[in-house]
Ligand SMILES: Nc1ncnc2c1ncn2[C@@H]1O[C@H](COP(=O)(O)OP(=O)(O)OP(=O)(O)O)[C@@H](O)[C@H]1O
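A single chain, nothing else alongside it, follows as structure tokens in the form predicted alone.
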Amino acid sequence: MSRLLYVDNLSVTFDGFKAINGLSFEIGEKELRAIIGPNGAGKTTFMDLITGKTQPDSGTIRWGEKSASLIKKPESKIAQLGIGRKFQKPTVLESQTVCENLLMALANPRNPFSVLFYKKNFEDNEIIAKLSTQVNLERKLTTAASELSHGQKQWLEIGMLLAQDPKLLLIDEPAAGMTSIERQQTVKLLKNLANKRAILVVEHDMEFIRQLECRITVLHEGRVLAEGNFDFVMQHQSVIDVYLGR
């Protein structure tokens, strides 16, 4: 499997607190990976560093076949390179329909004025139909986002990111606030998406993590504590001491 993202010896300090401390990590082109760890382990800061929201004090972040450095690149440029991020709280346009939200997210180059006068074409209709099916919202295209359940809004935001055709999706706590059925459908969705792109999931729900059946990276005090499949991680004494046994 080709390496998509490579992080080496990454560190960043905030007001004397080392949020990330010599962290090294890599993920392949078509890989589903979960990141877990107690509060303050550095999970959110790690995603901030990957997306350019935060700059490291030291270390490297390299991307793609050419191993291009992401350090000091603006967030917009990193997004254009193919890294999409979904935060824990959905950020969809509540007054717009599912279809309209997906349409506005399409990667087509449009300025604000062209969007105002835009008329859907056949190709966009096809893409929106495919995206809505991928994220379990094919029957909700004409429904306002405000009428969706919390889980459905999560799916819509994932669909909006997929509209930009990212190579890596960073997804923060997708299971939070979902019903049991929605969680099961989200597990299936993420597994399917990983057939074509890399998916990095930060999550606290251990049953959700178990169902993902993927490699798990455990963070503690800003560095990798353990890495492996679910059973290996759950039986790792250091993980039990600092995370599961807290």
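Numbers for residues come from their place in the sequence shown, where the first is 1. Worth saying up front: this structure is predicted, and the values here are computed from it rather than measured.
Another form exists, predicted in complex with the named molecule; not displayed. Remarks below refer to it.
Novice: If contact means any heavy atom within 4.5 Å, which of 33 to 41, 207 to 215, 58 to 66, 177 to 185 contacts the named molecule in the predicted complex?
Specialist: Of the options given, it is 33 to 41.
Novice: Since the partner isn't included here, can you check whether the named molecule sits close to all of Y6, E29 and N192 in the predicted complex (heavy atom within 4.5 Å for each)?
Specialist: Looking in the predicted complex, the three residues Y6, E29 and N192 all stay beyond 4.5 Å of the named molecule (heavy atoms).
Novice: Indicate whether the named molecule has at least one heavy atom within 4.5 Å of a heavy atom of E173 in the predicted complex.
Specialist: Yes, E173 lies within 4.5 Å of the named molecule in the predicted complex.
Novice: With the partner left out of view, is T45 within 4.5 angstroms of the named molecule in the predicted complex by any non-hydrogen atom?
Specialist: Close contact exists here: in the predicted complex, T45 approaches the named molecule to within 4.5 Å, heavy atoms only.
Novice: Do A226 and the named molecule share at least one heavy atom pair within 4.5 Å in the predicted complex?
Specialist: Looking in the predicted complex, residue contacts with the named molecule do not include A226, since no heavy atom lies within 4.5 Å.
Novice: Going by a heavy atom distance of 4.5 Å, is L23 a contact of the named molecule in the predicted complex?
Specialist: L23 lies outside the contact set for the named molecule.
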